[in-house]
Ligand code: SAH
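Before any questions on binding or motion, here is one chain by itself as structure tokens, the form predicted on its own.
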């Protein structure tokens, strides 16, 4: 039979908790947090319960409970002793006295149960398996905890503060549409982004009957490909955007998370093939935000590491367009981790250097002498097309031709491949092997750890 979830005021009726074990202690602490009037009967109490009594938050009777206990009519009685016969007798007696019972040892003999609670007061999320699996409810609580930022407290407080103003300003038929409009506006995200002043300003304008025409741009790092590597904030913004400008390095798993209602605009770049010039992308972001849209600029990896994110937000700042930047796991970190190649290691490398092998003029003109350094890992982004020249130049500038090199193809994705060679032999490997972009290059003795540490 399905149980009925209700939200119950903690101080509406007195509670009696019988038992002094771990389970009873957890119930007592939950009830105190809810502001309940709590009496505990136990032959011994743990430190947490004893401390609550010292603070005057509960009444504690240190004694053995018995089947002839007297309860105030209407009390909620939590029975949590280790004696099942005593528990059954107490349950019968409590019900005869007009009380509701929760037996922690028998869910089928309980009138109510304690759910697992995700607390973002005044917002509470209760999870219950109807008593069948406490482990499952704890598991779900942990998952939901991870997806609900602590700032939902502030969002709840903002909505609570608006309630009286809404009642005063709006007639009853207009209130529900206003709340729907508020929750669909930028207000929730502004609160979660810790911008309460802007959130209050938008809420005030909506209450005055104005439209929410203040657009914003979210510059979000999509990581190296695996959608499980997204940050929670990235996922939230991906799901709430009105329009998405994305590039070719955003994996299909990440793209699948975009709302089906969002407009998608491809602005990817490949070598000698720019779908949209960078300057046009910058302006598109400005124009879309000026139309009041929530604009997502979704980039593979991290937007500030070879992602031209700085150029894009310079244009936004120039036009006074609000923006947020959400970092992503850059390809170097993601590909190295999924390949079992630590970028630094006490026995191999004490520093790491990131460079791009694809410059503005389509050349690979790097400061080669600076890149040849002992105890350093060299990571080259977008270097696949120039890998032969890269190997030759590093050798010519003094790097040992037997230095290990790895090409990580489609890093973090299910079809990831890792190609291992040396600077001297990599050109031959490239000529005989079909390797597809995106590919990241890692050079240094840390590459030798791949055979030992590869885990997928």
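Residue numbers count along the first chain shown, from 1. Keep in mind it's a predicted model, so treat the numbers as computed, not measured.
Here the subject shifts to the form predicted in complex with this ligand, a form of this protein not shown in this document.
- Proximity to this ligand in the predicted complex, taken as a non-hydrogen atom within 4.5 angstroms, holds for one residue of 87, 339, 104, 330, which is 330.
- Of the residues given (382, 289, 219, 76), 382 alone sits with a heavy atom within 4.5 Å of this ligand in the predicted complex.
- Among residues of the shown chain, residue 249 is one whose heavy atoms approach this ligand to within 4.5 Å in the predicted complex.
- Interface membership of residue 410, defined by any non-hydrogen atom within 4.5 Å of this ligand in the predicted complex, is confirmed.
- Residue contact with this ligand in the predicted complex: residue 335 places a heavy atom within 4.5 Å of it.
- For residue 447, no non-hydrogen atom is located within 4.5 Å of this ligand in the predicted complex, even though that partner is not displayed.
- Screening 112-120, 145-153, 91-99, 300-308 for residues having heavy atoms within 4.5 Å of this ligand in the predicted complex returns a single hit, 300-308.
- The partner is not shown here, but in the predicted complex the stretch 411-447 reaches within 4.5 angstroms of this ligand through a heavy atom at 411, 438, 439, 440.
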